[in-house]
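First comes one chain, alone, set out as structure tokens in the form predicted on its own.
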Amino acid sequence: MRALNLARTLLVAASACLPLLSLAAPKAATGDFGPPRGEPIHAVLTSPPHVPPPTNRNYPAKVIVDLEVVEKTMQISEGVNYTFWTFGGSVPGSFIRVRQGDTVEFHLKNHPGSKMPHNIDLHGVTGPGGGAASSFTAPGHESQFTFKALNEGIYVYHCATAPVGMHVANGMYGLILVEPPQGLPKVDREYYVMQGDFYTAGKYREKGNQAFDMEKAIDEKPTYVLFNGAEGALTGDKAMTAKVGEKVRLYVGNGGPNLVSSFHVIGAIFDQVRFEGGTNVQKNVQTTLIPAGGAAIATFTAKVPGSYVLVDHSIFRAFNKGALAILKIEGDENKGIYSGKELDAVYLGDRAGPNLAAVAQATQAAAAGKLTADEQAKAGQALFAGTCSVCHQGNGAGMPGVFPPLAKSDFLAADVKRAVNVVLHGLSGKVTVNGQEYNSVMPPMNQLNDDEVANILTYVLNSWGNPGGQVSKEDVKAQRAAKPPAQNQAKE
């Protein structure tokens, strides 16, 4: 009985301590919240994918942030222009870095050339609207408010002026990092990557100036899903870089406005992920979910050289809407980890190599009415790599018994109009090419727009011993409008 009473006494005492423990626990995670010390500091703001240097302070300071809203037209894809609304002139907006406990004096300026009023909602702010209620700013005006950075973490900011979805969809989002008092562990490289979904009136890669499409945005059917505001923003000569043995930290945000990101780096496993921007850590992660309006910090060690591809693993977004970036790692191979065989040029398609400058040049020439077959062929060559070369090979040879050759193809030369229909509508069943029978399926390439189909076919017609010729955008448009051939079966 005495033992039972003693156990009950200890249980009651332990229960009484629980509220005290729960109150005391957060203190370990809090910052230094005393008054700001030293002279005010003007925050260093960086454009993506760059990140400001660590604060390297052991005390709270007054930090002044000057951020300007600029409405500007930029390329969303090669030869495709879109009017973005930006924080700091880039999409995503400028990266902001402060320390937990800092007092942040925030200045939001709206460029006189803007057509719309804007404001800012920082998810790292404790206060009404995250600052939105205090920062509504008309064109040619400046607003100011102050907040205390109470919580460490990586936080999204965005415009919250009505219609909120439209402002966000036009690129008005970014990240603010609130460092813990002791700072973050040292790494060799830090990069800023942010996903967003965009809604244009025209189809994917349709050339020219594209307007925002509210109906598509409400229906959550994006034309583009992109990293850092443009297709190819982090590929080719704009790819991120690192060296074997270096530790890489990625600050990854998702501006939305609609889609959840399944963020993945092909060929890498994250050593650690601070998911949802919080303080909890998950280890050995393959893919991490990042909600719209959320962020994560992912770190990994570069162990093998090569091109590492960042994707939204809702995979059609990567290869058919643009959500693809590249991190190039240089250094010595390690055959014990990976054999070193690379198929980047095939797997990554038209984003494996240089940017698609030939496509942009062909677009400009077409707009001026001066497009030549040679310019079409150069643009088509860049597009062929990402659309056709996996099956038909980079030299047009195809795969014996599986995929017919495009090189010296009698099937292709016999009827160019039929070739256009095959690309647009697909082909299934038996077909004879250069005396060899093939029985396979080619799916319709309806993700390609008219000028892309024309450029690819012009390239093929003028390559590998084919007879030459030129397919125009108008030729493709006419065949797209026509009824597809019966059963998509071409006659021999």
Ligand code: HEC
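Residues carry their position along the shown sequence, with the first being 1. Being a predicted model, the structure only gives us computed values, none of them experimental.
What comes next is about the form predicted in complex with the named molecule, which does not appear here.
Would you point out which of 65-73, 52-60, 420-428, 34-42 contains residues with a non-hydrogen atom within 4.5 Å of the named molecule in the predicted bound form?
Every other range fails; the passing one is 420-428.
With heavy atoms only and a cut-off of 4.5 Å, decide whether Pro443 touches the named molecule in the predicted bound form.
Pro443: yes, in contact with the named molecule in the predicted bound form.
In the predicted bound form, does Ser134 come within 4.5 Å of the named molecule, counting heavy atoms only?
No - in the predicted bound form, heavy atoms of Ser134 and the named molecule never come within 4.5 Å of each other.
Quick check on Cys391: any heavy atom within 4.5 Å of the named molecule in the predicted bound form?
Contact with the named molecule, yes.
Evaluate Thr223 for contact with the named molecule in the predicted bound form, applying a 4.5 angstroms cut-off between non-hydrogen atoms, and reply yes or no.
Because no heavy atom of Thr223 falls inside 4.5 Å of the named molecule in the predicted bound form, the answer is no.
Quick one: in the predicted bound form, does every one of Ala201, Phe212 and Val260 get a heavy atom within 4.5 Å of the named molecule?
No, the candidate spot makes no contact with the named molecule.
Identify which of Gly130, Gly88, Pro405, Gly79 has a heavy atom within 4.5 Å of the named molecule in the predicted bound form; exactly one of them does.
In short, Pro405.
By the heavy atom within 4.5 Å rule, which residue out of Thr161, Gln100, Thr363, Thr387 makes contact with the named molecule in the predicted bound form?
It is Thr387.
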